[in-house]
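Shown next as structure tokens: one chain only, the form predicted alone.
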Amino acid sequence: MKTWQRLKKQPELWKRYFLREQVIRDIREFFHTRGFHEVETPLLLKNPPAESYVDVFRTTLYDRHRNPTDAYLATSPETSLKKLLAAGIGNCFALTKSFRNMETQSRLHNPEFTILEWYRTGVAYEKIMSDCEDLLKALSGVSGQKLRYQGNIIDVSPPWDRMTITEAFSRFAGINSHDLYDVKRLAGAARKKGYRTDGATWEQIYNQIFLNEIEPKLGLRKPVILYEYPAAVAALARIRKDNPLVAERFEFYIGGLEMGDAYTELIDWREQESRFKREMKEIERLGKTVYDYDQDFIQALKSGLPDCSGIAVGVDRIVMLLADVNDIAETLFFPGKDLFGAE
């Protein structure tokens, strides 16, 4: 049954779906009162961010003479916002749609989703941790009180729990730091747990263990900020100067849900271009849609990106949390499952 049909038969469900309206209003109020500029970022890009872990939507853009150009739906507003940061916009945020392919058969993903992304200049990622605590406190229905989600009572009032990746692997998976950072030792530990590791990269092994044994246990009583991610999964985060094994990256979890991903942003254009090139090789190796990385973004970094930190937060998952539902489709009027018949 499509969502509109269910709403017609069960009008009491409107309250749950209207929760999104209040969340969107409260998010905008939160950032506007703190002096952030709201930015409209493009949904159609010539060069999406180089990210091997996502699949892009490719389309064709024609000029008036029907000359074709490849174009892509934005997977995030990140590179657009950072270009404005390089230009001097200061603290800013975007509340927009993003698109990722091959995500119709998951209760936690939708091919078209709402993303909140914000950046602060002149601060490290610890300040973004505080923002996250304050934002959840400010959202309608939370206000520092305890939250019920899927049978768990979660105290969302600050301060939240903090845990390094090394601590999480030790506590929940029984893997120490010595084994975690060595691909052979990690593979051996994974095989003992029953995971398949033949031909797998360190990152693939890491993800198997993390997604199955660690993530579901995070934030069940109190939100958890998981930080000091391995440098191998730094994404666009800066590597710590005092410890090259880890990046200045954190994610926060509530009720076993990954809610947001934050970095002290990489501002070295040479390192950024090197990472983009590695990502493009990995995209090709995985047989995904190949495209050119954004040279204009590299030029923006060359011009000078200020020291800054930022985060991307899934708004649909915030609504899931506040509505106490375990399927993202239950928060959307037109989920991908309805539109494309995915089961």
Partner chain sequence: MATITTADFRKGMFIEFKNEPHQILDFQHVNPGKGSAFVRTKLKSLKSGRVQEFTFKSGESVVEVSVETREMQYLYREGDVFIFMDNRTYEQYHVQSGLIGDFVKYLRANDTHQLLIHNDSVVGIRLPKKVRLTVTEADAGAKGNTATGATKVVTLETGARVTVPLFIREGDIIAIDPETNSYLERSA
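Not measured: the values here are computed from a predicted model. Residue numbers count along the first chain shown, from 1.
Not pictured, yet referred to below: the form predicted together with the partner chain.
Visitor: Given that the partner is absent here, state which listed stretch (85-93, 208-216, 267-275, 124-132) has heavy atoms within 4.5 Å of the partner chain in the predicted complex.
Guide: Stretch with heavy atoms near the partner: 208-216.
Visitor: Would you confirm whether the three residues N110, A138 and E330 all fall within 4.5 Å of the partner chain in the predicted complex, going by non-hydrogen atoms?
Guide: The answer is no: none of the three residues contacts the partner (heavy atom, 4.5 Å cut-off).
Visitor: Just to confirm, with a 4.5 Å cut-off on non-hydrogen atoms, which of D161, E251, D179, E167 contacts the partner chain in the predicted complex?
Guide: If I apply the 4.5 Å criterion carefully, the residue I get is E251.
Visitor: Can you work out which of F99, Y72, Y263, Y149 has a heavy atom no more than 4.5 Å from the partner chain in the predicted complex?
Guide: Flagged contact: Y263.
Visitor: Can any non-hydrogen atom of E51 be found within 4.5 angstroms of the partner chain in the predicted complex?
Guide: Close contact exists here: in the predicted complex, E51 approaches the partner chain to within 4.5 Å, heavy atoms only.
Visitor: Classify I239 as contacting or not contacting the partner chain in the predicted complex by the rule of any non-hydrogen atom within 4.5 angstroms, answering yes or no.
Guide: No.
Visitor: Are any of the heavy atoms in Q145 no more than 4.5 Å from a heavy atom of the partner chain in the predicted complex?
Guide: Judged by the heavy-atom cut-off of 4.5 Å, Q145 is well away from the partner chain in the predicted complex.
Visitor: So in the predicted complex, does K184 come within 4.5 Å of the partner chain, heavy atom to heavy atom?
Guide: Residue-level check for K184: no, no contact with the partner chain.
Visitor: Within 4.5 Å of the partner chain in the predicted complex, which residues of 94-126 have a heavy atom? Give them in sequence order, or say none.
Guide: E103, T104, Q105, S106, R107, H109, in sequence order.
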